[in-house]
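There is one chain below, alone, in structure tokens, taken in the form predicted alone.
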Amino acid sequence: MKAYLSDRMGAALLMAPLLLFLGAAYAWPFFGVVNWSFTLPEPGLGQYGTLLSDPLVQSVFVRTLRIAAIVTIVSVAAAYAITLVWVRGTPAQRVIAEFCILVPFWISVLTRAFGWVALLSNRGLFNTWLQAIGFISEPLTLVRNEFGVIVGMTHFLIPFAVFPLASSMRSLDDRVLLAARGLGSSRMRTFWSVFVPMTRSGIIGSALIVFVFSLGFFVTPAILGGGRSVMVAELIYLRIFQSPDWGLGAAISVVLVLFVGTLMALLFRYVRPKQLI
């Protein structure tokens, strides 16, 4: 018993500097933002009342949730296919999949966003090519709207969705799949009825990572949205640095943090943490 308490005490002492650092770096500034939301421009709950009554703020929150949901679905579906090749493909397929997963991490988000602008703009490569082959007569509007934002965010977030899925797939017992095949199940039925349900924890983990990242995305929506598809992070920036309306910007930040915290709490309430490793 003494040895157990001693080990726990030692672990607590080792964790103390990290907890103090996190408190100083994150918690203390966050409490300052909370204070702004209640005191600027005047004390009270006026800024939170604005969140509930201002159509502009409400439309931005709805747009953010809609884009985040679409990006999450598309990213996790694409990541699932890539991860399947990476984990269960031939050696050559695995090398190609690993290359596609890791190379995006070497390119900054800003560079990728401007790359998509070069591809999708009215005079970009994609529209120019479609007009050259006679498929379209007028350029398609693919940027400065929600479509461009979704494309850029999905491209950035797919690699982040791969790793929880890869962990889940690698921990799967192949004997279960062999047993299903031995009982007469087809490859497709084995995949949908056995393989996919057994990787559910990876799907949930990937979806959470992508959705949380999507809620706070700033650079890609600002560039590919062109100010026409403003999301929450950009709205906070506009209220803090351009309006300026620090109180409302702080209130939006607090609501966003609480929403993400609620998502994390629900995840660890209904999904065992070890399932996400």
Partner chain sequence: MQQPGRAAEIKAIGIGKSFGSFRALDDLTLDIGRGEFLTLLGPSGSGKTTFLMILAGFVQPTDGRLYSDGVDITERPAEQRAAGMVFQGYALFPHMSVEANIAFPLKVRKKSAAEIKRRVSEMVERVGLKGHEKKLPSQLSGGQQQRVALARALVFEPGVLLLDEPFSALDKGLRGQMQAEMKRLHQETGTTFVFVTHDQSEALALSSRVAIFNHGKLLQVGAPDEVYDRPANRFVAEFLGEINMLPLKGVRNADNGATGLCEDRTITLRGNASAVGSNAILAIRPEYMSIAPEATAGENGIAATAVASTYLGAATRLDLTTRQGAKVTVSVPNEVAASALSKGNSVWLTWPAEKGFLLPDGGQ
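Residue numbers count along the first chain shown, from 1. As the structure is a computational prediction, the values presented were derived from the model and not from experiment.
Not pictured, yet referred to below: the form predicted together with its partner chain.
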With a 4.5 Å heavy atom cut-off to its partner chain in the model of the complex, the contacting stretch among 126-134, 93-101, 197-205, 112-120 is 197-205
Would its partner chain be touched by all three of 180, 189 and 193 in the model of the complex, meaning a heavy atom each within 4.5 Å? yes
4.5 Å heavy atom contact, residue 185 to its partner chain in the model of the complex: yes
Within 4.5 Å, heavy atoms only: does residue 176 come near its partner chain in the model of the complex? yes
